[in-house]
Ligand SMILES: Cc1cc2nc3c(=O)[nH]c(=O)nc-3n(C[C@H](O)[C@H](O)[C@H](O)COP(=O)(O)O)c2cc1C
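Next comes just one chain, in structure tokens: the form predicted on its own.
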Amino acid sequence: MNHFQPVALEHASRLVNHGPTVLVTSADGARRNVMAAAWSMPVEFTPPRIAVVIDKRTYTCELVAASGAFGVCLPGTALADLTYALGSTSGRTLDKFERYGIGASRGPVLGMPLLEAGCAAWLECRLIREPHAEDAYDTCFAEVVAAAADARIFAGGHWSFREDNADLQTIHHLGGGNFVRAGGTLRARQL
């Protein structure tokens, strides 16, 4: 019996989108914002570089372009409701940090707002400007200039998902406000 059924192309990206949902922070002078992004990924090891999809029409994109920097914070399950709210409202008309009572520290290299409470980790990033692609694509490439993680869930270069750190386990957006949490880790055997 064949259990495979066609998937509408508008939903095809969800088949491969199991990476953690991130909160992208941005600032330029007194202006600041935080948004949720479901599409992010590493693209280089040394120097460490990442890609994040940020719609060109957003306030976040405006601030990132102006400052040349942004933060990427990995919210844990305890922040699922906040993450959904941050991805569903625009910072162009309100300060989301004030509206949702979000505390942030300044990044050690670029001064970007970074969230630690309820987050598993953060990365401070310098935008890699791609003039030929800026008008065509929503993908932003950046070099990671600083990073930190909560040692209760990430230590020695590895994630450790356990029952006692469930509130810090990363969340993964499946669409429509639905998330799954990382967990149930399996250890592969040598074949």
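The shown structure was predicted, so the numbers you read here are calculated from the model rather than taken from an experiment. So that there is no doubt, residue numbering starts at 1 and follows the sequence shown.
What follows is about the form predicted together with the ligand, which we do not show.
Open item on the list: Based on heavy atom distances of 4.5 Å or less, which listed stretch (161-169, 35-43, 143-151, 121-129) is in contact with the ligand in the predicted complex?
Closed with: Correct option: 35-43.
Worksheet item: Heavy atoms within 4.5 Å of the ligand in the predicted complex: does T58 have any?
Response: Result yes; T58 sits at the interface with the ligand in the predicted complex.
Touches the ligand in the predicted complex: T89 (any heavy atom, 4.5 Å) | T89: yes, in contact with the ligand in the predicted complex.
_Since only the chain is shown here, I'm wondering whether V53 would be in contact with the ligand in the predicted complex (any heavy atom pair within 4.5 Å)._
Yes, V53 is a contact residue.
Report task. Please check if Y84 has a heavy atom lying within 4.5 Å of any heavy atom of the ligand in the predicted complex. Result -> Answer yes; at least one heavy atom of Y84 falls within 4.5 Å of the ligand in the predicted complex.
- prompt: What residues of 159-181, in sequence order, lie within 4.5 Å of the ligand in the predicted complex by heavy atom?
  reply: Stretch hits, in order: H173, F179.
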